[in-house]
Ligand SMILES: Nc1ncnc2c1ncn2[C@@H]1O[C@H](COP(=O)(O)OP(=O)(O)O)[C@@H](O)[C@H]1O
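Taking the form predicted alone, here's one chain by itself in structure tokens.
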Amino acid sequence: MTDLRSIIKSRASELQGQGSQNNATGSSSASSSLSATSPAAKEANEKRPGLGLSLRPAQNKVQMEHHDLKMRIHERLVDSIDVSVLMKLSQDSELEGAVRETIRVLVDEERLPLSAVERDTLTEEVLYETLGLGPLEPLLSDASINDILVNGSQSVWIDQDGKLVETPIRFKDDKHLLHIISRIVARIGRRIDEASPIVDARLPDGSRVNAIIPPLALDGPVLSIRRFRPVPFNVDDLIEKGALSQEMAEFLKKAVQARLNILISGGTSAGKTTLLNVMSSHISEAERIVTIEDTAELRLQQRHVIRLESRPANLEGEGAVRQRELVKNALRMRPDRIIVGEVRGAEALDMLQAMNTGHEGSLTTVHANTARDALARIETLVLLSGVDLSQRSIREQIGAAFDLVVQVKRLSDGKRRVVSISEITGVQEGVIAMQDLYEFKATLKEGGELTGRHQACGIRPAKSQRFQEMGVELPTELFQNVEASQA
């Protein structure tokens, strides 16, 4: 199976050098030129057998016959196309239309007893194999799907509305899936093979893709695609979905404006990056922001944003640029704020030093189950830096660096919520002191339905003076516990 766009790209320089010699077919329409086959291709097509399908287990026979038919039409398409004509099509829409028309002609030539709907479906599937990502293309076009998880050729799952759902989509075999993975990574200038069996990268639309193949993946190639909304969530969207309350949203907005250092903590796919994007929208347009990420996922809307992304090592194991080096370099770029997409290594120490040396208002995320665990994880990551620091010294730096810890969690109903906002008040007898300002009270109804509500804990932040110094008003009403006041 050959990628048609790759054929066009590889022939581009050759066609440019041949000049008008290869333009003799220019007077014919794109669709007619595409469907015209060369004598060699016609001869090859005439020699092709009919269905020629070998017997397979009954439960897979229909599916495998469909795959074989689709692949045969795809191969005939590659044999039939006239690349010089395709090169004249200036837009992807023209290219898609011409290829689609050719596929329809080839489907008609098969003379199969298919309905009009089945013919259209087959045409679309062959088009996906030619210009897209095969069976995954319909999933990528569905904006309601958050994650696409391919666990081998016969198991495709999606994350939709916080729930994992298995789809009926299947690949022909592991070779077919590996071809699609290779096509994905080739688009971003990477490669995947036995010498380099892991790829973690970002697609042009911002989606994050991770692929791992045998021999590391024992049951066949595994592909994970984490997608992002075309239009980022805003704070009103999160309030409407019940992720946080109006009071919590207002407090976080004022905390960002008052330049508090905020740590967002949560598990995988809990909504950390989404919340970080929303909170960053409250940063002033007048500030210079430097973002540092392993894989670029943040989408800040301000004009003065410098985006840095780490780089993995090449095949020789050289050329890697880690987040720690980027954090150090960011300090030389005159940032007003530093945003680290996710701290996961030795860069934790450099981030703490930056926060403690005048770069206030910085934001970052970390994987942890609770706010207290988040601080313990930061402490562990600092130890990875190799600097000989005592536990007390590390905790004092953490206590001085961070002002708030925002804990997010995906609950059993699949919904992502902010479950607590905690303030760090300092270090007392070697222990980092914290107090909860907001929390989520969950209740389980009959039938297993999860509900609950966000509420203030009735405590005014100890750093209220900081808000006044930055000219940010902090109304007492934001922290009133409604239940306590009613009692």
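Quick note: we count residues from 1 along the sequence shown, nothing fancier. Note that the structure is predicted; figures quoted are calculated from it, not measured.
Just so it is clear, the following notes concern the form predicted in complex with this ligand, a form of the same protein that is not shown.
With the partner omitted from this view, the residue of P135, P221, G271, G361 that lies near this ligand in the predicted bound form is G271 [heavy atom within 4.5 Å]. Just one of R372, H304, K241, R307 comes within 4.5 Å of this ligand in the predicted bound form, counting any heavy atom, and that one is K241.
Shown alone here, Q397 lies farther than 4.5 Å from this ligand in the predicted bound form, counting heavy atoms only. For G267, a non-hydrogen atom is located within 4.5 Å of this ligand in the predicted bound form, even though that partner is not displayed. Taking the partner from the other structure, this ligand in the predicted bound form has a heavy atom within 4.5 Å of a heavy atom of R229. In the predicted bound form, no heavy atom of S245 sits within 4.5 Å of this ligand. Residues of just one listed stretch (198 to 206, 233 to 241, 149 to 157, 379 to 387) have heavy atoms within 4.5 Å of this ligand in the predicted bound form: 233 to 241. Contacts to this ligand in the predicted bound form (heavy atom within 4.5 Å) from stretch 413 to 431: R416 only.
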